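In structure tokens, the next block holds one chain alone, the form predicted on its own.
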Amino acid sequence: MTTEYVDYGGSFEAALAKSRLLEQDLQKNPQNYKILTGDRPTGRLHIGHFFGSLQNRVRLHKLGVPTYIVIADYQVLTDRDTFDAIAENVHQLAIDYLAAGIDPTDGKTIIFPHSHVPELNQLLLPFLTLVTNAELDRNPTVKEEIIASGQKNINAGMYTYPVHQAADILFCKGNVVPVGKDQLPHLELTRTIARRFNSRFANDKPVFPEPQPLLSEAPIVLGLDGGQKMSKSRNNTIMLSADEDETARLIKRAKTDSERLITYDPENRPEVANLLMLISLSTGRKPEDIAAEIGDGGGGQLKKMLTESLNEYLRPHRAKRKELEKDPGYIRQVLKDGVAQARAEAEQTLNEVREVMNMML
């Protein structure tokens, strides 16, 4: 499987145009692609994850695109001291994936924690020789993550994070990665590593594809404070595991503004617009139409409608989630099966790498 290099023209607009063409071909030829996606197990997923990425993964999964979902447990160690909860968080992520509609028994989908795939991590060493310290130092995504972490002493794992991510993507020869705009620099480094490896060691028969970004056009879901992206660390979320009463309490505390007439105006009324967008995502209706219906009902009516629509929309997910939580043995087996499949794939790739690097015994 190969993917030719795409020149993104140095602009987000160019990348988005290429992504739309890629989306069209995914619809027609899903068998030609491998998707790598995943999350860091820093806690349970919230509705921002659900609307921002999880729904899209389910959609691609149902298209029949071979999909590898990595639970990036090692990467939690780069900026958080939460290792005591990693195992539980891994299981909770798997539960949310399955509750959303991911089926790991379809023969095309693998869910695995990357700390259990040592062959994958062995790719990190040759990959590190293909990038410079300067390239790692100026990665804008890494800089933002360092600031967000609040760390004063930055460990080396933070700087090599994009290279580890390249290993996650390339071990299975993933050629499509769903990303947001902020993740493009990470993916571009992966493409660079793939290109340099092929040029240096396997010019006649490339080992790695240069993965293309599938850019999400889903709106960014702001937190209930209305001013920042929804995030567990900012305590402005609604977790997918929350029950209906807790969801109602959280929405009741959500920030709006002092104007009684409800209008959809993301630029001037971001808090109100965000709640309208959540109703839109839950119902499929346009936020402008929802605002017109609420009219001068004010923030109280807006929050009431959001509570009802969101609870109704998430009811099947939450019911499935409760079922899965009762069967931890099944969740462990899903992860063990995923690890076995990922290790087999990684070993095959690692053997190819050893061969072209003249390291076979």
Ligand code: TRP
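So that there is no doubt, residue numbering starts at 1 and follows the sequence shown. Since the model is a prediction, treat every value here as computed from it, not as a measurement.
The same protein has a further form, the form predicted in complex with tryptophan (TRP), not shown here; the description that follows concerns it.
For the options I193, I169, L275, L93, the residue carrying a heavy atom within 4.5 angstroms of tryptophan (TRP) in the predicted bound form is I169. Checking V65, L45, I294, L36 against tryptophan (TRP) in the predicted bound form, a heavy atom within 4.5 Å turns up for just one residue: L36. Partner proximity in the predicted bound form, defined as non-hydrogen atoms within 4.5 angstroms of tryptophan (TRP), places exactly one of 37-45, 313-321, 23-31, 295-303 at the interface: 37-45. In the predicted bound form, Q165 approaches tryptophan (TRP) with a heavy atom inside 4.5 Å.
Of the heavy atoms in Q183, some are within 4.5 Å of tryptophan (TRP) in the predicted bound form. In the predicted bound form, tryptophan (TRP) lies within 4.5 Å of some heavy atom of Q75. In the predicted bound form, tryptophan (TRP) stays beyond 4.5 Å of every heavy atom belonging to F127.
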